[in-house]
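Below you'll find only one chain, the form predicted on its own, shown as structure tokens.
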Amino acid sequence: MIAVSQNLKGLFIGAGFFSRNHLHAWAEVEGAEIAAICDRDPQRAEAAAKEYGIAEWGTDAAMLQSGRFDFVDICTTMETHEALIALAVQAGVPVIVQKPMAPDLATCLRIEAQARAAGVPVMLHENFRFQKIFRRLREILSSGEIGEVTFGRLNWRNDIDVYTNQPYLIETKRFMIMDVGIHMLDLARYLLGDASEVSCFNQSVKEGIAGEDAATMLLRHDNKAVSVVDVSYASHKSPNLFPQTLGEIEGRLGTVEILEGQVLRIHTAAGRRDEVLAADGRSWTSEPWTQIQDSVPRTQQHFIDCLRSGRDFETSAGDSLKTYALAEAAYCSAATGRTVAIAELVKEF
């Protein structure tokens, strides 16, 4: 627990595509502020510092070890995370890090073990579960209104151009599952509980990419519920549904549909009703990104609130290992054509 009256001072690492959402959000977070920003490209670091009123900028992440920071936000690609988190662990600085934690489960396990051994808290920036619609859906499920959950379907299919702003994705061999699928697997765990078995089919629809741009995963949850997690960057629809997650959750007493326009449609014996989850109305958000952008301040506020109170993060590195085990199992299933049990990959799960 960090018990201080002043704002916690943070270092922000990475001034790339998604960083603007983090930086706008930090300006809203109570109890924290970004004191410095670091990027390997000096022009990007300086430009971001000027735009967001950050007092200091640099190009060497070793500035993390100066003793001046209470936390670090790592907003870089997954291949850099192990080394950057190691720097934070050496400095004893709590971490919030963009997903994916790492390219594979073995690396995730190393990162988590090193941080846990040093007593340094690490949280994954899994913002899908912090979207307003899914916080409300979780409330409905917890209330028992639709009874014990038996089935779920989470669908994220669109043809948004991710390659212009993130060209490295063209060469990424583990692509769709690690880019958006990891959010959806975390969401499946959040809504239906932990899962023990995975079956998966991957597809590479776009020509010239190294990895999969579509995946369909079937999960058997520990409570015997079943869910389908379906993701694609190669689904052509008009209008484009990006970035909406659609689907449904079925229970023994009813069903909740997740519909376009941030609508929850609840079916029970009492009838049907719709709940519309309106956007927060922030000045810096814009369609079609608003739904995701609105979740970023909630994610970062949760991180700071937990640091101050000593509570566990919802998406701690330790908890998130269960999500990354599902992703690893999905890749194994796609490669072998069989259902993969999590226990095959990580015995303690």
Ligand code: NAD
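Don't overthink the numbering: it's just position in the shown sequence, from 1. Bear in mind that the values here come from a model prediction, so they are computed numbers and not experimental data.
Keep in mind that the form predicted together with nicotinamide-adenine-dinucleotide is missing from the display, and what follows is about it.
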- request: Answer with one of Thr172, Gln114, Gln166, Thr216: the residue that has a non-hydrogen atom within 4.5 Å of nicotinamide-adenine-dinucleotide in the predicted complex.
  value: Gln166
- line: Partner-free chain; cross-checking nicotinamide-adenine-dinucleotide in the predicted complex, the single residue of Arg44, Lys322, Arg298, Arg308 with a heavy atom within 4.5 Å is Arg44
message: Can you tell me if Asn127 lies within 4.5 angstroms of nicotinamide-adenine-dinucleotide in the predicted complex, counting non-hydrogen atoms only?
response: yes
- request: Examine Asp73 and determine whether its closest non-hydrogen atom to nicotinamide-adenine-dinucleotide in the predicted complex is within 4.5 angstroms.
  value: no
message: Can you tell me if Arg40 lies within 4.5 angstroms of nicotinamide-adenine-dinucleotide in the predicted complex, counting non-hydrogen atoms only?
response: yes
field: Non-hydrogen atom contact Pro121 with nicotinamide-adenine-dinucleotide in the predicted complex at 4.5 angstroms
entry: no
query: Within 4.5 Å of nicotinamide-adenine-dinucleotide in the predicted complex: all of Thr77, Thr80 and Ile292, by heavy atom?
result: yes
query: With the partner removed from view, which of 94-102, 143-151, 265-273, 190-198 is the stretch that lies within 4.5 Å of nicotinamide-adenine-dinucleotide in the predicted complex, judged by heavy atom distances?
result: 94-102
- request: Taking only heavy atoms into account, state which residues of 167-188 are within 4.5 Å of nicotinamide-adenine-dinucleotide in the predicted complex, ordered by sequence.
  value: Tyr168, Asp179, His183
